[in-house]
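Presented as structure tokens, the chain that follows is alone, the form predicted on its own.
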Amino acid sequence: MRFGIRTLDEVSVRGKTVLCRVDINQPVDRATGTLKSINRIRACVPTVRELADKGAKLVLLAHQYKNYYSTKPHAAVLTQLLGREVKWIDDVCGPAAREAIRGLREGEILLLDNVRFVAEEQTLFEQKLRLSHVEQAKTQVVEKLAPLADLYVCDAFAAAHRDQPSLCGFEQVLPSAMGRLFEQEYCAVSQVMEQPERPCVFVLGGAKIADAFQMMETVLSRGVADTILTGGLVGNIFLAAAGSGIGQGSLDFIYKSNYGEFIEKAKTLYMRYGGKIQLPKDLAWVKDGKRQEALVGEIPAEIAAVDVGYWTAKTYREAILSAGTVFVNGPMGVFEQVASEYGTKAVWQAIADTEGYTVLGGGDSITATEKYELTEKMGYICTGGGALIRFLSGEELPVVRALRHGSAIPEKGA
């Protein structure tokens, strides 16, 4: 076991019906019925292939949230990536799904439809009712599918912060294990939190302010982070907290976006840990389609900053190259546009060039990595966003707790 959870090395699956929860949630183009990205689907392929190759009768459970869409296109992509058929059925736990599961042969794979078509799997259901894991085991998706299965495997680390029946209910009644992707991601983020090579540098940017502040308090108070490099809206908020001149346009944006409360939080953090928090030295904005830069304190009042400047990027590069561990969440600015991508591009290149161990997470961070074709040069890229933030904020993830329970249930016939 690892972290008190079974791995695939410790279970026997040949001839057994295995329920495997994956996270293949991807943006969908409704006009064409196709997926705009297949990153998460590709990431779960090793677990799916291993279970099928070992002779499992494999049933995949997944959600598709952003577009509240069917998982049918996901089955087609999985079929292509695996080079073997992945069956699909437009049912989750009804009679048709149960009959299809009973008919599976060794090595066959069946993907059920979007589990969030079942009310008890929806986020609103989770947040309002707050069912215990024991209560989740009594929901219909678990009560109807668990009797057909011999083993439950969770490979959905990206959804490990969710407290829903398909993620936490099956482990109450079935012997359970984590898949290869879950194992890899849990190990990667645990290494950052528990045994980082020093110095440990966090690069925090982007516009997801709550996520960044949630992490910072934990990694600073626990001594995990030796340095935090700030950029994007995170950097602007810290500059505002420090009383540095960032331009009235930037301040207006912060308050109009209802982020004013974070300025006070930044003040508190900066007073306690100012020596470990690096702020941008210069900022950039775009005027008439052209990039312009100035030192902090010399920014024209009317502008809104959209990137860190040259000297900041240079300073951050030096810190990253000397790091033993680098954790990254969020770009330095509006990297989608050529005039405002310099800071992100330079920092990302430094992350690719460093000899330190690098862990990168968050949707925008992954998008930037792909844009600059640096995927192969990153140490580890996490598929999780919310789960990653919660873990680095010191919370015990609901799915981790559930898997530990399920790992204590003996396998049938063992």
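All figures in this text were calculated on a predicted structure; none of them were measured in a lab. In this text, residue numbers run from 1 along the sequence as written.
If you look for the form predicted in complex with ligand ADP, you will not find it shown, but the lines that follow are about it.
Undergrad: Would you mind picking out the stretch of 274 to 282, 228 to 236, 81 to 89, 143 to 151 that comes within 4.5 angstroms of ligand ADP in the predicted bound form, counting non-hydrogen atoms?
TA: So the stretch in question is 228 to 236.
Undergrad: Just one of Glu194, Glu99, Glu135, Glu336 has a heavy atom within 4.5 angstroms of ligand ADP in the predicted bound form, so which one?
TA: Contact residue from the list: Glu336.
Undergrad: Report the residue, out of Asn329, Asn114, Thr325, Gln172, that has at least one non-hydrogen atom within 4.5 angstroms of ligand ADP in the predicted bound form.
TA: Selected option: Asn329.
Undergrad: Answer yes if any heavy atom of Phe125 is within 4.5 Å of a heavy atom of ligand ADP in the predicted bound form; otherwise answer no.
TA: Flag for Phe125 set to no.
Undergrad: With the partner left out here, check for me: in the predicted bound form, does some heavy atom of Val77 sit within 4.5 Å of ligand ADP?
TA: No, Val77 is distant from the partner.
Undergrad: Does any part of Gly362 reach within 4.5 Å of ligand ADP in the predicted bound form? Heavy atoms only, please.
TA: Judged by the heavy-atom cut-off of 4.5 Å, Gly362 is in contact with ligand ADP in the predicted bound form.
Undergrad: Should Ile263 be classed as touching ligand ADP in the predicted bound form when contacts are defined as heavy atoms within 4.5 Å?
TA: Because no heavy atom of Ile263 falls inside 4.5 Å of ligand ADP in the predicted bound form, the answer is no.
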